[in-house]
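The form predicted alone is given below as one chain in structure tokens.
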């Protein structure tokens, strides 16, 4: 018997990268999956691949934007209509800021870039949780949210991205308190990952894709595990938190699944050595 037999899972941002890897792993573990994604092209590719793997009857897809509450409601409703219930939501859709520092954030783009990051990375999770509240309460289900090592440490992004992921940590803990004992709420905080995370439209990063060759080459020397993990390498943590068999005691827990960032020795002491030069005031 697979660990997620007869479990119904809804994931946002599930048509590519880490989300796609989670979908594939959960199907193997016996779950049926609803995927909400913004990209219609990515959904088409996902659908074709899942059908080719023989799991077509266990998949439903919804093209939608996590920043729109009605799209989250539609995704939940489509999932319940298709499979009859909902056992777990995975808030996974997100964007990065490509480590754009405060000094490099254009003043005229502050409002829009703030909204880009917070509306996707934080409000998207809030909307998903609200939309799924009733069916998850009925099933005694769970919520899982993708965090980041930037939810705990500096320098995993710029101030915007880091702030959003700290906010997600707060959401998880508050949700876990408010929804106990009926719904378990946990998070997975990946570190470096070979995925296709994109950036803010306001900052001109919508077509840029993490990790890039430079990061991929540097990561083995930056993390104690010595490798750039693939999306597939992170999926077991989501299976654990979704499992009713393995995860009875855990709520309000965030697995800092970061390749050992937290046990690194000291290397870079500060991030502002170039600040005067960047501001144009260095003599």
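Bear in mind the structure is a predicted one, so any value in this text is a computation, not a measurement. Positions refer to the first chain, counted from 1.
Form predicted together with a small molecule: not shown, discussed below.
When you look in the predicted bound form, the only residue of 45, 38, 244, 58 with a non-hydrogen atom within 4.5 Å of the small molecule is 38. In the predicted bound form, at least one heavy atom of residue 17 sits within 4.5 Å of a heavy atom of the small molecule. Using a 4.5 angstroms limit between non-hydrogen atoms, residue 157 is distant from the small molecule in the predicted bound form. Mapping the unseen interface onto this chain, residue 120 counts among the residues with a heavy atom inside 4.5 Å of the small molecule in the predicted bound form. Although the partner is absent here, residue 197 is a contact residue: one of its heavy atoms lies within 4.5 angstroms of the small molecule in the predicted bound form.
Only one listed stretch (169-177, 141-149, 98-106, 74-82) carries heavy atoms within 4.5 Å of the small molecule in the predicted bound form, and that stretch is 141-149.
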